[in-house]
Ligand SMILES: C[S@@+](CC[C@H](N)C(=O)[O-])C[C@H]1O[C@@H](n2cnc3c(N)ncnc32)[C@H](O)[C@@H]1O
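Take a look at this one chain, the form predicted alone, written out in structure tokens.
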């Protein structure tokens, strides 16, 4: 609970500028629209924040001739949902923005065909969230989680060069993400898709992102720790990039696609989890 409200405080602070500091990756959205079967969907996005992924997913579905009957954006932060609501003018269906936690959405049982969590799973109470997703999903419904896992975090520019970043990060390991069936037998992992993006930036933009702590991990440092780590971070960037106005780094994520099943299964091996 303490971590959840610390995250809320962070997003309260950056809500109005969240989209300014964050990119949106179209590839996982395209993957979902191509992979999740059905000519119509009811969608619930957990930790929807500013709504950027949910809105993009609805538009992608519509472009693929998939009817979105209803859509819900769930978040505990009213400031983020207020930001989201301002962006959906003319969007059909109109998204229902709900101030609620992922483990208690208040949605009717068996009412949703696709639940998503874009870059939010590490903030959510896992066991309660799995129970709630299992409750609101229809039979054979999908649960799609897009996130960075720990080995990807270690190669990201902050994870690689910002001292102590991995110690404060809340992202999960790949093993954890691929074994939800050990926590809730109702979920079957059907696919893991990895994505890697080449990012081009400048030292000035990296400094602005870091100083404004647009990653919540940076908010977990004490002021003294942050200042010391930030100084070392800048030294590391300068030592490893010759042109500070043209910095290239790689950012990787994974999409874990689960399907709801009422059949009790034998726990899958790590190797089998990586196959389609």
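These figures come from a predicted structure and were not determined experimentally. Residue numbers count along the first chain shown, from 1.
Note that the form predicted together with the ligand isn't included here; everything after this is about it.
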Have a look at 91, 100, 150, 190 for me and say which one sits with a heavy atom within 4.5 Å of the ligand in the predicted bound form. 100
Though the ligand is not shown, can you say which of 178, 83, 120, 186 has a heavy atom within 4.5 Å of it in the predicted bound form? 120
Is there a heavy atom of residue 132 lying 4.5 Å or less from a heavy atom of the ligand in the predicted bound form? no
Can residue 163 be called a contact residue for the ligand in the predicted bound form at 4.5 Å between heavy atoms? no
Residue 241: touches the ligand in the predicted bound form, heavy atom cutoff 4.5 angstroms: no
Contact label in the predicted bound form: residue 233 to the ligand, heavy atom within 4.5 Å: no
Interface segment, criterion being heavy atoms within 4.5 Å of the ligand in the predicted bound form, picked from 133-141, 190-198, 73-81, 163-171: 73-81
